[in-house]
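A lone chain, given as structure tokens: the form predicted alone.
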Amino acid sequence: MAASILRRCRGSLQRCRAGDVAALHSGPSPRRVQAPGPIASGRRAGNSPAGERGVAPWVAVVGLEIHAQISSNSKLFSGSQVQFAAPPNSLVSFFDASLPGTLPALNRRCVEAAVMTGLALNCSINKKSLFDRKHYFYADLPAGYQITQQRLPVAVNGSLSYSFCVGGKKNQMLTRTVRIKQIQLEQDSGKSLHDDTRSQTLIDLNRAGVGLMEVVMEPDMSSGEEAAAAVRELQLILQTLGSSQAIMAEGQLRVDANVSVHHPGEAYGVRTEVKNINSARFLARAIDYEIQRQIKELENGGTVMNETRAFDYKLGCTIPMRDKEGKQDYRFMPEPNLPPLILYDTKSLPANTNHQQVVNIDWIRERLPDLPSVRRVKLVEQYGILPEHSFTLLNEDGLMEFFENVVRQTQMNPKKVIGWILNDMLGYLKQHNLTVKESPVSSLFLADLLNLLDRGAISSSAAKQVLEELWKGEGKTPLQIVKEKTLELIQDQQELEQICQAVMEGHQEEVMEIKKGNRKVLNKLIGLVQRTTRGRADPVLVKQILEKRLSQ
């Protein structure tokens, strides 16, 4: 069995290196059975298998299992500290190491975080939930089992609405909803560090026992783009609640994707599971590749294996990890050392109860903050910006706070401010791979610059020159840069008229074109004036002067 998996793994790598990825990605993008249409298979009648001619296009089915690390100072069942990048095995209690005689003690904070997340995802909260042991043997799981909630989880039957751009067009957004099957509390495992030089594996148990929420999404999605949008929305919700920092780069949000394809009206196809994806961008790429790989495999007369695969982001393809045809028996059993988890609401809360000893669902519900969907609506209503702009403001960490700080400190209309932030500022940050918090231009400096522009002290082209200087991070204020570079608007109209006259005299062909009725050429003359003045001329005034002189 191991030899056959290894052969398939090598075959996958060879196909990726041969450029198969580019060929697969060139195919049409997947869609669900409903609008906007299913995946086209590209199958021709001449090469269809017998009895398969004229079949309907392929439909992809995608479901997700997401593990979110709970924001807590200590682990789920022990008092060990939780800290990223701590020295190996420095945060391990006797219970984490599974020493005999140690018992679990449930972390109240983790329970509250799970309940809060369930409420935010429209789940029904189970007032009674149970813990189970899931048995499997691996070096980074010292107990030989994981404590989880297989039979009766803390939350069930929820939903998550998310929006994504159609074909990358920011002004065309679709909103869809994915069902949440359940949210369960469980322990994380340790970490295996493979040392190829010494041919050995080292075990770090710092992560062992850290509290996780597993969010299981039903297979309601049909493309990588959709799945990435759903994960990003969940990430924003978790961060807004404070139930998880959900930093994917630190492994605090890990995604397993279940992918299959089938023809409409037929049973779902055999699914593959792509494990441990820690980036929304890689998730979209992995799912889209896997969809096209399965379609190609089936159209070539092959079969899709029920297996676990990994995504190689360097090669851009998925590769086999292990076969799942022989289903593993995890031997689930009730956790004997933990009683049922009992939650209360206001009605069922016993009298004279110590509130520190119970978890009150209604108390948590009342303290839920505004979720991202509500905040987006408020942004649109308060500032008059477009809905797609509100998505960008919230999706970029720290950008909404930056925007609101600028708006508070400038007289410019927020509709104009958003253009400068999304086009000029965000474009620069992405180009230089910087976060909003790493921006060399502060909200105060950008507000000062926009104030100069709004009151007519400088032109928009001059403002862009000032912004370029601000990116250097030398600490100069916009006003200082304007004075050093002599970028103030020319206030002397007579001087501006002379410049306009000189431009017209030097471009007689354009002048004749305008007089013949081609008014579009006027913009060229305005641009020439702006170039001559290095952006110091008011475009509106320049247009008035040119129109007056051209009519003479």
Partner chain sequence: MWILRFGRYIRGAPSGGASNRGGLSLGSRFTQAASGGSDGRQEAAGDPRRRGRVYENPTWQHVEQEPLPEKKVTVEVLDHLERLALVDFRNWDGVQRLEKAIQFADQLHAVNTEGVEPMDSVLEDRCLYLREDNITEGNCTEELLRNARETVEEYFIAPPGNIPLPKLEERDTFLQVSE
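Numbering follows the first chain given and starts at 1. Note that the structure is a prediction, hence the values are computed from the model and not measured.
From this point on, the text means the form predicted together with its partner chain, which you will not see here.
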Handout entry: Heavy atom distance at most 4.5 Å to its partner chain in the predicted complex, all of 68, 122 and 369
Key = no
Problem - Heavy atom within 4.5 Å of its partner chain in the predicted complex - residue from 395, 442, 72, 308 - result: 72
Practice task
Would you mind picking the one in 222, 187, 80, 390 that has a heavy atom within 4.5 Å of its partner chain in the predicted complex?
Solution key: 80
Problem - Candidate stretches 113 to 121, 198 to 206, 232 to 240, 288 to 296 - the one whose heavy atoms come within 4.5 Å of its partner chain in the predicted complex - result: 198 to 206
Exercise for the section: Give a yes or no for residue 352: in the predicted complex, does one of its heavy atoms lie within 4.5 Å of a heavy atom belonging to its partner chain? Expected result: no
Practice task
Answer yes if any heavy atom of residue 147 is within 4.5 Å of a heavy atom of its partner chain in the predicted complex; otherwise answer no.
Solution key: no
Exercise for the section: Mark residue 357 yes when one of its heavy atoms lies within 4.5 Å of a heavy atom of its partner chain in the predicted complex, and no otherwise. Expected result: yes
Handout entry: Exercise: residue 251 in contact with its partner chain in the predicted complex, heavy atom 4.5 Å
Key = no
Handout entry: in the predicted complex, residues of 362 to 384 near its partner chain [heavy atom within 4.5 Å]
Key = none
